[in-house]
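The form predicted on its own is given below as one chain in structure tokens.
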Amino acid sequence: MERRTFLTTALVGTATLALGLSVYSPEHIRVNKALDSEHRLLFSVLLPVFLEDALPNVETTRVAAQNRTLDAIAETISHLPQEGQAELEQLLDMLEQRLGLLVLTGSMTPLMMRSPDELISMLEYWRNSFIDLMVTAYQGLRELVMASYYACPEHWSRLHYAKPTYFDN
């Protein structure tokens, strides 16, 4: 077998496997679009990475803060311009599909199955990438999560910020 034939066969085989894994997703790891139209599952994986030290340490308040932030993210997305919503939806859809993950992260492992360290290194790669689109994706996701978290008044106490009282009257 010639080297060129071997490389071509390996490339075609890898592409076929990637396409097959992207099309076929077992029931237990598939995201149900009817139940997760706002990408809550995806953001629930990314929130602890972006908000590392900002989230409370107590588990019940931590979960409440994450759920409140997920609601705020959905509300923030609804206020984006249509073009921005479409671009964000395209990015989120790619992050939920294996072929999209392969293109964006170099791995087909779903984000839900990755460790926090793997997610941090993926986001750091995007942040420092030479490809402007990766940097834009990182900045867009980070700004969306951070703005949604700190838009909630109940999270201001972690910043030691109190709302001015003269606006209450």
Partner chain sequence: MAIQDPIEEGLASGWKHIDASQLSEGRTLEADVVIVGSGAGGGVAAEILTQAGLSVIIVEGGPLKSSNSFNMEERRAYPNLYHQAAGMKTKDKAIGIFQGRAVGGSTTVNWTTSIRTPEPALEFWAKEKSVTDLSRAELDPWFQKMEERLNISKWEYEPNRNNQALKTGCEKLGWDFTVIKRNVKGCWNTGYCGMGCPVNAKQSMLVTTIPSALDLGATLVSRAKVIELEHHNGKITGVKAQALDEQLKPTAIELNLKAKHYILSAGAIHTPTILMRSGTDDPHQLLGKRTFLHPTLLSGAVFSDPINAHSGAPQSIYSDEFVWRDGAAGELGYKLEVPPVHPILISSKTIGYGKSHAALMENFNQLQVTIALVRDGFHPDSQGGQVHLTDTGFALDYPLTDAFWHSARRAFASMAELQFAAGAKQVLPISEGVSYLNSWKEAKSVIADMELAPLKTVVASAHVMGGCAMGEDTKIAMVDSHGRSHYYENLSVMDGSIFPTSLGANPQLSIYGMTARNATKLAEELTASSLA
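As the structure is a prediction and not an experimental result, all values here were calculated from the model. Residue numbers count along the first chain shown, from 1.
One more form of this protein exists, namely the form predicted in complex with the partner chain; it is left out here, but the text below deals with it.
Heavy atoms within 4.5 Å of the partner chain in the model of the complex are found in exactly one of 58-66, 127-135, 100-108, 37-45, that being 127-135. Shown alone here, Q139 lies within 4.5 Å of the partner chain in the model of the complex, counting heavy atoms only. Looking at V49, you'd find a heavy atom of it within 4.5 angstroms of the partner chain in the model of the complex. Using a 4.5 angstroms threshold between heavy atoms, L123 counts as touching the partner chain in the model of the complex. Contact check for D93: every heavy atom lies farther than 4.5 Å from the partner chain in the model of the complex.
Counting a residue when any of its non-hydrogen atoms is within 4.5 Å of the partner chain in the model of the complex, the hits in 136-155 run T136, Y138, Q139, R142, E143, M146, A147, Y150, A151, C152, P153.
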